[in-house]
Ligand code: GDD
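One chain is shown next in structure tokens, namely the form predicted alone.
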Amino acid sequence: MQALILAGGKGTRLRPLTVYTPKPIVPVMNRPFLLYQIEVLARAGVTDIVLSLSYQPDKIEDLLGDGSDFGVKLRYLTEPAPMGTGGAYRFAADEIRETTIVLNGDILTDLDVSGLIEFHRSKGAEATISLVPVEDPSAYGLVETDPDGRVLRFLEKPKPEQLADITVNTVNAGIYVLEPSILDLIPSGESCSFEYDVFPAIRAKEKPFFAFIIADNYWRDLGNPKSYLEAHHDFFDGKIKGFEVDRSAASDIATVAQVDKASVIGAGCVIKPGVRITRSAIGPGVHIEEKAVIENSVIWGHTRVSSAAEIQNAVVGKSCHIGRNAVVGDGSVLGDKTSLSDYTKV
């Protein structure tokens, strides 16, 4: 059993956070995002993992290395040009001539992958797609299945007038189990997608194609800054299970500073007296001056927050400077090296 993580996107929806940091390694609770997917795979005994890259691949490989630090074997493929999800899978064919778990590189989940594999095998499937129920089906393309889990059809995002007749609320969760025979349906060297090209071809060939419903596990697409911040809130609220959050990093925290138990503080931070930090992730090397307030936010490494500044429900990138009494308000996203002068409000 092998795994392929499709991590070649530019992270356009997550900008400005991904201008200098590829999306697969943006920090989540001070840990490169991709490590959560690697850990989920390793728990299921899947340790042979190929990363399909395109955007800033060297930064990813330099950070993760050969995977030995994480108990897995990592190999890297760099697409010559963006090839789409299906094209990237076909491009990796020489590396994955066996049953393969394929993950989109922007999915955060605590899924028990072994259960997905068992389902795939029990059905004798050549392809298994994971699905997740959503509250608002109008925002997604939908996947309809029969009572046995066989995929029947893919529905485009429904129009408002169609909603009354729609009984399906499951969408593609971006995690698949595929047999090598699926590779034969994909032309070599061409850009194509699973959703619009590969899956219709599987249906047309009437291959055994089943759906696995993610019902009791956490799932989130980290594709935009709002969802990225909400993923941290879910960690703070204990909604994501099975991952250890490192709170042992050594930092200089004043005894009269207030840091709640939900927050995580990176190594080498300086937190001065009177600072209040609530439900926030503070990256390594961050310097926070007296009486600053940080709530429900994410601050990347080596940023400086001046005295009496307030940051609430926001994301602040690397090496930023937040001036005295500045206010970074609800929903703000500051890219790397942003500098706010004193008393600024954003």
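Given the structure is predicted, the values throughout are model-derived calculations rather than measurements. Throughout, we count residues from 1 along the sequence that is shown.
Same protein, other form: the form predicted together with the ligand, not shown, and the subject of what follows.
**Student:** Answer yes or no: in the predicted bound form, does the ligand come within 4.5 Å of a heavy atom in every one of Tyr36, Glu61 and Asp110?
**Tutor:** Heavy-atom distance to the ligand in the predicted bound form: none of the three under 4.5 Å.
**Student:** Please determine whether Phe236 contacts the ligand in the predicted bound form, using a 4.5 Å cut-off between heavy atoms.
**Tutor:** Answer no; every heavy atom of Phe236 is more than 4.5 Å from the ligand in the predicted bound form.
**Student:** Is Glu126 near the ligand? Define near as a heavy atom within 4.5 Å, in the predicted bound form.
**Tutor:** No.
**Student:** Is Thr85 close enough to the ligand in the predicted bound form to count, meaning some heavy atom within 4.5 Å?
**Tutor:** Result yes; Thr85 sits at the interface with the ligand in the predicted bound form.
**Student:** Find out whether any non-hydrogen atom of Glu156 is located within 4.5 angstroms of the ligand in the predicted bound form, and reply yes or no.
**Tutor:** Output for Glu156 is yes: heavy atoms within 4.5 Å of the ligand.
**Student:** Quick one: find which of 262-270, 200-208, 93-101, 171-179 has residues within 4.5 Å of the ligand in the predicted bound form by heavy atom distance.
**Tutor:** Single hit among the candidates: 171-179.
**Student:** Across 1-36, which residues bring a heavy atom to within 4.5 Å of the ligand in the predicted bound form?
**Tutor:** The stretch 1-36, when checked against the ligand in the predicted bound form, contributes Leu6, Ala7, Gly8, Gly9, Arg13, Lys23 at the 4.5 Å heavy-atom cut-off.
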